[in-house]
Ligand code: URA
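Only one chain is shown below, in structure tokens, and it's the form predicted on its own.
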């Protein structure tokens, strides 16, 4: 039923009122010149295959995000370069010269390899460099690094650690490194373990623990537990324990108690009589 009112042909405001009435009633279209079977049209659109996603070319000089010939070639190059490094200085030079990780071309100033004792019994492995590390060329030198040093000193581990990361270039915006970026850097990390020969690995943060141990659990589930890490070639096996990342502890100070328990477990095993 059309509401009563003035003749639309005499008053344009009546036209607006009539259109508003039909819109409120749920009418969304006017009559077409020819009838249209909306049901058949909808069925046809559902049967039609979706259009393919647009193809975005990878930037020049950057490792593709997903695996493929370029990623395989970069990984093979990393294996060869890591194997050829006879000491830590040569390994650091090989990392700096390596072009197979896309992070190198995403704004990083330099490669960030390691710091600490070259024969340390404990190797601390974090995720990746941040802004301070990128500027200074050493891992864990910002606020999180200072907290880590204080915790290590309190646990009696000063001078007994070698500190590195799963990737050696700063991810843009300090984002978490991707599994692909970690995978292409893994040969260098495994070579570092072979050269340092640590007795224990301390994996700082979820991204490090998942990558090194090849597990899917979150860090709150993994932390404080001991695992056996084995290199890809099976030549090395080292006891490893995940713990909370110092950057997380800065945001959640109440969690420092858990990280301290992890360090006590580590030092107990480290100083345990043979």
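These numbers were taken from a predicted model, which means no experiment stands behind them. Residue numbers count along the first chain shown, from 1.
Although it is not shown, the form predicted in complex with the ligand is what the next lines describe.
With the partner removed from view, the residue among 187, 198, 102, 130 that has a non-hydrogen atom within 4.5 Å of the ligand in the predicted bound form turns out to be 130. The ligand in the predicted bound form comes within 4.5 Å of a heavy atom belonging to residue 140. The ligand in the predicted bound form comes within 4.5 Å of no heavy atom belonging to residue 223.
None of 91 to 99, 190 to 198, 121 to 129, 78 to 86 except one has non-hydrogen atoms within 4.5 angstroms of the ligand in the predicted bound form; the exception is 121 to 129. Residue 165 is the only one in 160 to 177 with at least one heavy atom within 4.5 Å of the ligand in the predicted bound form.
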